[in-house]
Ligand SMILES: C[S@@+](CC[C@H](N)C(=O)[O-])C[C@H]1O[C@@H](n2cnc3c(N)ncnc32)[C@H](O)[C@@H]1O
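In the block that follows, a single chain appears as structure tokens, in the form predicted on its own.
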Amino acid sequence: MAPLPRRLVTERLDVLEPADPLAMGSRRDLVLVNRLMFAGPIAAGLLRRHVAAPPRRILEVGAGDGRFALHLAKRLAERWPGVEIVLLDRQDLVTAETRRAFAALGWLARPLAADVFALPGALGMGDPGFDCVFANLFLHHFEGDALRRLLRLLAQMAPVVIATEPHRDRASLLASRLLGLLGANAVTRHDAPASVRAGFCGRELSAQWEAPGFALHEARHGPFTQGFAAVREGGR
């Protein structure tokens, strides 16, 4: 059976004001979506597998309200103590409660409100860099030159880049259309199938990676998730 063609459309959550009740409800729905995708265990497994030593600094791009990163921290903090995690998003949606939850795990969460393509300037010239970068449900918002440019930028940020994205196939699309039965709101009911349509399969992310000197790992993980890892050969 031929794969679904990749197609990007504007997702409604991206254009709503953060305080809009529909946006707030959809961000809550994302917790359920990530659970159904097994995105937390998959991302944590990829990080453990490909980050050779306990990291000091981690960057998440497209961090949203930070709840996914907090879920990862709960899985990783015992083996990776004292991590500083920079949570990049266009708006700072990380609550004081979430920051305290990171602190209780021994991690320092530092939200950074900036466009991802403005990241080097937002960090500043004296920034010490990162041990790894990860993205969850973020790369599928880009295609063509913009996606290649984003991947080149991430390759400059750290020696390890990890991503968990929607796996694009008919089974994932069908599952995304059933989220309303689990109480997902109208924004999520639109955005979930749109995300699957914009997702990845096969080696599509690897084909867009242009930075030399990285070993690439890409595969389907679980029923609904495309996992990707780029690891600089020889470390930093």
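In case it trips you up, residue 1 is the first one in the sequence shown, and so on. This is a predicted model, so every value here is computed, not measured.
There is another form of the same protein, the form predicted in complex with the ligand; it is not shown, and what comes next is about it.
- The closest non-hydrogen atom of residue 55 lies beyond 4.5 Å of the ligand in the predicted complex.
- Residue contact check for residue 85: none of its heavy atoms lie within 4.5 Å of the ligand in the predicted complex.
- The ligand in the predicted complex comes within 4.5 Å of no heavy atom belonging to residue 73.
- Heavy atoms of residue 91 reach within 4.5 Å of the ligand in the predicted complex, making it an interface residue.
- Site residues 14, 60 and 142 are all in contact with the ligand in the predicted complex, judged by any heavy atom within 4.5 Å.
- The contact with the ligand in the predicted complex, taken as any heavy atom within 4.5 Å, belongs to 137 out of 160, 151, 137, 109.
- Note on the partner interface in the predicted complex: the residue among 116, 105, 147, 123 having a heavy atom within 4.5 angstroms of the ligand is 116.
- In short, of 129 to 137, 152 to 160, 77 to 85, 97 to 105 it is 129 to 137 that has heavy atoms within 4.5 Å of the ligand in the predicted complex.
- Contacts between stretch 18 to 39 and the ligand, counted in the predicted complex as any heavy atom lying within 4.5 Å, involve 30, 34, listed in sequence order.
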